[in-house]
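Only one chain is shown below, in structure tokens, and it's the form predicted on its own.
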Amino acid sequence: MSPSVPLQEMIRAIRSARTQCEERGVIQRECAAIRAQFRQADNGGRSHNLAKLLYVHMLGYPAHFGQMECVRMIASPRYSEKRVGYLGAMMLLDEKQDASLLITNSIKNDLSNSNQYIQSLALCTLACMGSAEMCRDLAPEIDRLLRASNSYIKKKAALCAVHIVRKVHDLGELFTKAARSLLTEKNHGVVHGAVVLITELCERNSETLERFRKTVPDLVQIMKGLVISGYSPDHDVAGISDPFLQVRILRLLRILGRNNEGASDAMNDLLAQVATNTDSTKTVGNAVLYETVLTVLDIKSESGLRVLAVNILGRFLLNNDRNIRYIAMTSLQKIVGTDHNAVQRHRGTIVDCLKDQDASVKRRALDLSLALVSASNIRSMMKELLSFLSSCPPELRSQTASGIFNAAERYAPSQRWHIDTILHVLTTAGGDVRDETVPNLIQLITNTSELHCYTVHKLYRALLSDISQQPLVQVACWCIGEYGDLLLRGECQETEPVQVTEDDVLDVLETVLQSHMSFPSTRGFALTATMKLSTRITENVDRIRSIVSIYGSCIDVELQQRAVEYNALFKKYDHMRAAVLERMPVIEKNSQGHINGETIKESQTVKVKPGEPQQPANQVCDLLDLLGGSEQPLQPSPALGSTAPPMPVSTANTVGGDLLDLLGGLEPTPITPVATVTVYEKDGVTVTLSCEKQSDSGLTVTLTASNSTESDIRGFTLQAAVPKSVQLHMKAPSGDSLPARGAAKVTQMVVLNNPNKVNLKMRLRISYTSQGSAVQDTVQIDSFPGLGQ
């Protein structure tokens, strides 16, 4: 067969191919010729053929048949063949292939070769694809080369030792002495390799870290020499002397000074000198300054030095390069909890970054702006955040609204300001708020009795202008149903009085009921508000009765059920209508249950008159249904369209007790508080578990998750697994995000049915995303509180 074409001609033929099929044809012909020449015993063009095969490999075509040729060329005494053979080994072989073991002896022989370039080839190959077995066999040779007199070889050996330490941690002790001696070298490449090796050793072993803390003065001297040295053409990059070595030394100093005051004190002066003398007008200088800042913030540095580091990050925020602005805000986000006042000085610059066109910079600026909100700047910061909310991209609206709610709840200067802020958010981005926003706002409005008139007027006007924001519409319907009499009265000192008639209010509620934009839950709010108004107005009761009766045949089952119950209240229990629909009392937070519209675990016992016969349970449940109760007696939960979160059932002197007295005697069993245990607690995420036994085989498990860290957690999911004989049904969670500092919780209900009474166990998988990193963990639950396991 004629010899194959030269490498240059093959490349030219491949590039001139018009189709992929033509390209494959050229490569297949060349590979066939190369394979045939590999089989010849006397082949003078071995390196030439292997070079062409490596080019084919780079194009993504199979070239595995050249592996054995690489092994043969490595064993060749000629340098030209060794060079191509080692290059082929690094590209075609890896530690998982058996062929890699065949070159171990050749590498060992070449490490002892008198030619430094052959030694270099062997070192590079071992550092690139050496397996754990090869590292163990050749580690003594590498340690010997670390003590060689040739700086070129020592540099390569140091980097090869780094690979060995990563592959086999136990071999780190072998290189400790040699690594320390390399710091005295004058050659920058050797010192750079030594610093990288020492960094790797310190990260792998705490005892080695303590031993190398004694080298801090040596590292400080090397760094000072780089900072104050004059122009050196061999190492100068944009006016900075060997910035690569400076960055590596700063990273090592950060590791050595972490949690150690002695080492930190020894490097404080150096860090101050680097921070003040490094030119920040070039990217190279900014890289050194950034590593300096990270080192200052990570060690036990002086307070003045930390302020200097924060000021450097503040200068980064003014840089035109968006990458530099991004890393500055990322670093400030990490220290805002410990150096809040220092970061606060740059608040104006950070807020200006909210207007940046880059989405990543904008998101970082939002996180940092929310972290900077405090009692002293709540008004000015909230003005900026509300302005940002009106123009921010859709993917940031939910995070912005959540952050505003949390800040307003913590630092609100007044209740009216708090309500106005939340209403502003609901008006601007109501469709992007969390599910718990509506019950939270309802509770806030309920607790501020002096603002009921102001709030109902403001919400009524908002409802007239826009009914597309569903959370806002739900809260408005609730307020109109509860405080409609204040709206009709038209007397409000806090806002401009508006004359509203009964027909106007009912027209608005009917518009919400008939709108195609209204959710089923929103219609429930509007229907219940309409029913509540039947006790607060006098002239349009028949119209209300007509509206309610229409929805008795609604296609939505929940809305139909409410309408049927309200019709029954008009007809059968009309004498109780005023008492059932009276204004809701103040809603209190219950530490043993959930807050604002979720289940409350404790109920007070309802007293009944002695001697009276008990009524059948279904009649009691019917009456509780009319009161907005749940399926469980004396444990109300919010029904669809309920105008208020549930409240504990009152004692006999309340309306609920009187109504139950009308039915005769009723002595329910008081519900004992449910025991709660912590099943998972790691990295600021806590998951608690509580159980409630429904029957001999039925069990309801409530999992509650909270986040105590300084950053929000997103994509939070819980997955559960139980033995095969146990039936499991997971209900929809209350949300998929955990706000920072425990501002809100995620609740997941799990219903278990254990007909065979087997020993109950559950495996829980917890998944979430925190600060851009995905986290997944598993926990085994072997005992459940209250079951006697």
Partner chain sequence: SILKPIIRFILIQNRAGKTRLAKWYMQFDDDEKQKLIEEVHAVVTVRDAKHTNFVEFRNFKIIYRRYAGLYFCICVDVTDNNLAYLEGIHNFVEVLNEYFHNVCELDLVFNFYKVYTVVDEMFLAGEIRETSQTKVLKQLLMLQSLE
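All figures in this text were calculated on a predicted structure; none of them were measured in a lab. Numbering follows the first chain given and starts at 1.
One more form of this protein should be noted, the form predicted together with the partner chain, which is absent from this view; the next part is about it.
Within 4.5 Å of the partner chain in the model of the complex, a heavy atom is found for not a single one of H452, L689 and M730. At least one heavy atom of V237 is located within 4.5 Å of the partner chain in the model of the complex. For Y411, no non-hydrogen atom is located within 4.5 Å of the partner chain in the model of the complex, even though that partner is not displayed. Interface membership of Q8, defined by any non-hydrogen atom within 4.5 Å of the partner chain in the model of the complex, is confirmed. Proximity of Q357 to the partner chain in the model of the complex falls within the 4.5 Å heavy atom cutoff. In short, of 345-353, 572-580, 544-552, 191-199 it is 191-199 that has heavy atoms within 4.5 Å of the partner chain in the model of the complex. Only one of the listed residues (L718, L174, A127, L423) places a non-hydrogen atom within 4.5 angstroms of the partner chain in the model of the complex, and that residue is A127. Taking a 4.5 Å heavy atom cutoff to the partner chain in the model of the complex, the contact residue among Y290, Y460, Y680, F388 is Y290. Shown without its partner, the chain has R83, L87, M90, M91, D94, E95, K96 in segment 82-111 as residues with a non-hydrogen atom within 4.5 angstroms of the partner chain in the model of the complex.
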